[in-house]
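We begin with a single chain expressed as structure tokens, specifically the form predicted on its own.
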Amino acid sequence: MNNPSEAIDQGRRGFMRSAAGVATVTLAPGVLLHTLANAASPGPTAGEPRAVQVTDQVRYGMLIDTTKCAEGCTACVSACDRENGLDLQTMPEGADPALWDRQEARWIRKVKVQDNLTGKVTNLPLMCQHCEHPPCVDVCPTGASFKRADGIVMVDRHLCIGCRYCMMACPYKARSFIHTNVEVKLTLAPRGKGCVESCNLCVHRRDNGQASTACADACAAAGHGAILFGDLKDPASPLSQALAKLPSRQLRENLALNTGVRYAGV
């Protein structure tokens, strides 16, 4: 008869071998834990997203062609809301509707801008511009606002104290403050009262090796194709090739922030 203690020991060894084979673990959106695998990992099955390492070899960004952005279309806004659970927001009982309209979180919104020289008015989607030199990061007293190696600007909700300095520093008014309790939220986009939040270029998709963002996919599905997402550092990427062909500009170029989001037709 086999020794029971020996059988238990063998089971423990098997468990440890399995645990040692885990190479990448997603702790939270934008935070990956990488360990050295001591055993071969079978990897993801066909069609399953693959976790990727955050690196400065890429810089994610967008080109928004305002000539293709349709008047009255809010497909990108709705898609962002669904992707990040913002559509689950409900106005608190007894709240002033006008006040709630100003306080409701929005990571992307449609705005109109006017050229002071020509008077031309342009409709465009506006979100966090993912600056190379983000003012929100500079003023944050706790380090909650940070920029990843791949250029994505984010907020660590565990460090955010709700001071809102970043909101005052952002020249694009791209950040929202959560004023009320969040009763329902998505696991991939944790949200909580007293924190600041903003567009993170669908960071959960980036960390799982997916190629696009919710807003870009929705715009394409609506037949407009005004939003192009990709790698600004890769000269062969569709984004870089489009930027080379199409005249574009940054919003508030005078601030020299080197934004990751560029606009054509403005």
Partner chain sequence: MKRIVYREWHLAPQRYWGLLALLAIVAGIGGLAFWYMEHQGHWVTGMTNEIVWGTPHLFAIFLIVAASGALNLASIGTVFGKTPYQPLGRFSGLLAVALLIGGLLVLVLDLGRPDRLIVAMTSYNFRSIFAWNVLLYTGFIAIVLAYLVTMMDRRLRAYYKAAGTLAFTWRLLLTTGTGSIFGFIVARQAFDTAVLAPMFIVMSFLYGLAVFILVLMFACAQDERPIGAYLLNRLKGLMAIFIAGVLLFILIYFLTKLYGAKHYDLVNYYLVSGGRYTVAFWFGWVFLGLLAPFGIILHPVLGQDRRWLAGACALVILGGMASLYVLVIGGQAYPLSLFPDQTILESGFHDGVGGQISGYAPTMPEFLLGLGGVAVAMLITAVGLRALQLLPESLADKEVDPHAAVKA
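For clarity, every value in this text was computed on a predicted model and none was experimentally measured. Positions refer to the first chain, counted from 1.
Keep in mind the form predicted together with the partner chain is missing from the figure; the text below concerns it.
Not displayed here, the partner chain is approached by residue 104 to within 4.5 Å at the level of heavy atoms in the predicted complex. Among heavy atoms of residue 252, some come within 4.5 Å of the partner chain in the predicted complex.
In the predicted complex, residue 160 approaches the partner chain with a heavy atom inside 4.5 Å.
By the criterion of a heavy atom within 4.5 Å, residue 153 is excluded from the residues contacting the partner chain in the predicted complex. Residues of 123 to 150 placing a heavy atom within 4.5 Å of the partner chain in the predicted complex, in sequence order: 124, 126, 137, 138, 139, 140, 141, 142, 143.
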